[in-house]
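Have a look below at one chain only, the form predicted alone, in structure tokens format.
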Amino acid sequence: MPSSIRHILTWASGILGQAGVSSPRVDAEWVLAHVLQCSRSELHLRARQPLAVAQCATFRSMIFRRANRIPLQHLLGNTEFYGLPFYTSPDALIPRPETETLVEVAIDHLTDCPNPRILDIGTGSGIIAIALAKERPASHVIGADISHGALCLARRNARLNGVSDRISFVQTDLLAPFAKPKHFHAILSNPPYIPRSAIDALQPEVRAFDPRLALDGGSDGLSFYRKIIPRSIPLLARDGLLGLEIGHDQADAVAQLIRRHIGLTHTATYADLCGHPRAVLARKQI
């Protein structure tokens, strides 16, 4: 096996490309940087440097695991979301950049609320709850999830980001334990929204390694919106915000579900950086 950084990256890129990995060179660089405990940019400065036998063996093993479509984030054990570090595991969805859209619009809409109470439904690895707690130090956030494993991961991530004192994590099925007079200034959720019949057509990294519980949105992908929207109304404070991440083709359907319920007004739909509708917002009517 070639042993210099330059040649081993060329070899690994070929292996990953043949396996159908969408960004073989980038993934190979991330894996090698992880093995060498350096930055990706440093690899180019050290291109002719030979690798030790043990480093080659570790790198080779990780590349073949990536070629089997194990997600890069699971191989590395971590990723970044909203500029913050997060641990990853098969217990929760891998954080995705499009979810930052919901975080950004929620922060913007809570600007005038000095001490917001926020509920994150289906918190998973805790990315939404933790990003909001980090951006709004005076907030108190509750992250709810049905999965014990996901909540353990979320608690680790809260400690990693120094916000454990402002986030409570609760194991529950949607909004079951929450009742008046507990009112939230914002209820946010990135629920499962993939139509059940479409899951098997997803990329192997998603269909085989993300929890199916976090993907399956029922026959039409809208099952959880039908539950979350009406149940959130009594839990929202006056003029409280309901923010929902959606699939790229679900904006109209979710907005229609909101309009069916007295007490909520659909206020806006926001696109992600790729231009796809990604977050639907509603306000509780005063």
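Residues carry their position along the shown sequence, with the first being 1. Treat the numbers as computed from the prediction; the structure is a model and nothing was measured.
Not pictured, yet referred to below: the form predicted in complex with glutamine (GLN).
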Would you check whether glutamine (GLN), in the model of the complex, lies within 4.5 angstroms of a non-hydrogen atom from each of 229, 233 and 285?
no
Given that glutamine (GLN) is left out here, which of 139, 73, 99, 161 has a heavy atom within 4.5 Å of it in the model of the complex?
99
Taking 4.5 angstroms as the heavy atom distance cut-off, pick the stretch from 165 to 173, 116 to 124, 200 to 208, 82 to 90 that is near glutamine (GLN) in the model of the complex.
116 to 124
Would you please decide whether residue 128 lies within 4.5 angstroms of glutamine (GLN) in the model of the complex, comparing each non-hydrogen atom pair?
yes
May I ask you to state whether residue 192 is within 4.5 Å of glutamine (GLN) in the model of the complex, using heavy atom distances?
yes
Even though the partner isn't displayed, in the model of the complex is residue 110 close enough to glutamine (GLN), meaning a heavy atom within 4.5 Å?
no
is_contact(residue 214, glutamine (GLN)) in the model of the complex, heavy atom dist at most 4.5 Å
yes
